[in-house]
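We begin with a single chain expressed as structure tokens, specifically the form predicted on its own.
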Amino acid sequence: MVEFDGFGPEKIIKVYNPKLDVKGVCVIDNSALGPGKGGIRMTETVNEEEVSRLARAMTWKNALAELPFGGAKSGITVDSKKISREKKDEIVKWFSKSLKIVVPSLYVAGPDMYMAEGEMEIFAKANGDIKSCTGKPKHLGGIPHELGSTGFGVYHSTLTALKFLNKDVKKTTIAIEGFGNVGIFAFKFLSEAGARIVAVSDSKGTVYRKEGIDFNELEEVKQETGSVINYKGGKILKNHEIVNIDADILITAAIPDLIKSDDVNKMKFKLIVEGSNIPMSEETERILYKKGVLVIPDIIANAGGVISSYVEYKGGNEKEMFKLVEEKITKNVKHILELSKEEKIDTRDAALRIAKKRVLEKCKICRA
């Protein structure tokens, strides 16, 4: 069930195509700071409630990153792995035309689960406005997320948190949940900085190697075999067992609701960086806070993607994107950590306090 409050959601657009037998939904949560910005995910389980939760996260994410965007999100309910390329393209065209009334004045789309630069090209061309979405191919002025902007932001979130904790990245061990676009680049940048990555998971399992995992070897194994569990020289565990690894840091980079409250007492991490969206409930975050575990919330940790989208939206280039991601992530993670320490509140509460203040300052109809 969608929850409404003093911030939104402002608009919920539900569409259905009987010919394709596909449902879609777009939630524009709050537009106080600008048009709603948020990607389109295509899964067989995505629904109005999930999209609404993600749209609210985008409201806070854009506010924390100090971007001129509100919060929004879209979902298309279909299993893209079970349909043809042609049907997927047809669905994207239909969904784009269905949202023509709100893009880009009230909503700017982007890629999310099972949507990439190819789909964004189709989306932009279908509604005839190049500014209707970001994450487009380079030849359309895009800065594709495949460059690793989100993972780069997760990397700087981790570095900033380690500096706050007076820890040396070269003396830390890290477990990474997920080896898709976010996990791959987080691994790459952190290993180049000297961190030791001891465990990585994907949908088929977890590979653990106390001595450390080689990035290039793991990437090759993933490409050639389809899973990290085929990495030689490591111990193979179930994918959820990534949360029980003995390491200093856990980076979540895949599924929502990964960490349950029952997992907390088994966890040994001192720092968790939320590279994925909603990897645990706010209540679980509070339990971890009481246990002394530092959590960098998703609404800032994985904001590299939307910062990249903003650079593309305003016509910038890749160099500007990486510079702005580093600046904004570092500044705002530091701000959250300092407020959390000063006010003796958990990092989620600190982040939300900052974000809500920024939205309310611009909002004519919102109420806290």
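Predicted model only: the values in this text are computed from it and were never measured. In this text, residue numbers run from 1 along the sequence as written.
Although it is not shown, the form predicted in complex with nicotinamide-adenine-dinucleotide (NAD) is what the next lines describe.
Participant: Can you tell me whether Phe179 touches nicotinamide-adenine-dinucleotide (NAD)? I mean in the predicted complex, with a 4.5 angstroms heavy atom cut-off.
Facilitator: Taking the distances in the predicted complex, the answer for Phe179 is yes, it comes within 4.5 Å of nicotinamide-adenine-dinucleotide (NAD).
Participant: Would you classify Lys163 as touching nicotinamide-adenine-dinucleotide (NAD) in the predicted complex, given a 4.5 Å non-hydrogen atom cut-off?
Facilitator: So Lys163 does not count as contacting nicotinamide-adenine-dinucleotide (NAD).
Participant: With the partner left out here, check for me: in the predicted complex, does some heavy atom of Glu117 sit within 4.5 Å of nicotinamide-adenine-dinucleotide (NAD)?
Facilitator: No - in the predicted complex, heavy atoms of Glu117 and nicotinamide-adenine-dinucleotide (NAD) never come within 4.5 Å of each other.
Participant: When the contact criterion is heavy atoms within 4.5 Å, does Asn239 count as touching nicotinamide-adenine-dinucleotide (NAD) in the predicted complex?
Facilitator: It does: once nicotinamide-adenine-dinucleotide (NAD) is placed as it appears in the predicted complex, Asn239 has a heavy atom within 4.5 Å of it.
Participant: With nicotinamide-adenine-dinucleotide (NAD) left out of view, choose which of Ala254, Ile197, Leu288, Ile143 has a non-hydrogen atom within 4.5 angstroms of it in the predicted complex.
Facilitator: If I apply the 4.5 Å criterion carefully, the residue I get is Ala254.
Participant: Tell me, which of Leu294, Met113, Ala126, Leu147 has a heavy atom within 4.5 angstroms of nicotinamide-adenine-dinucleotide (NAD) in the predicted complex?
Facilitator: That would be Met113.
Participant: Looking at 273-281, 163-171, 117-125, 212-220, which one sits within 4.5 Å of nicotinamide-adenine-dinucleotide (NAD) in the predicted complex if you count heavy atoms only?
Facilitator: The contacting stretch here is 273-281.
Participant: Do heavy atoms from each of Asn62, Gly70 and Arg353 fall within 4.5 Å of nicotinamide-adenine-dinucleotide (NAD) in the predicted complex?
Facilitator: Zero of three within 4.5 Å in the predicted complex.
Participant: Going by nicotinamide-adenine-dinucleotide (NAD) in the predicted complex, which residues of 198-213 come within 4.5 Å of it through any heavy atom?
Facilitator: Going through 198-213 in order - heavy atoms within 4.5 Å of nicotinamide-adenine-dinucleotide (NAD) in the predicted complex - the hits are Ser201, Asp202, Ser203.
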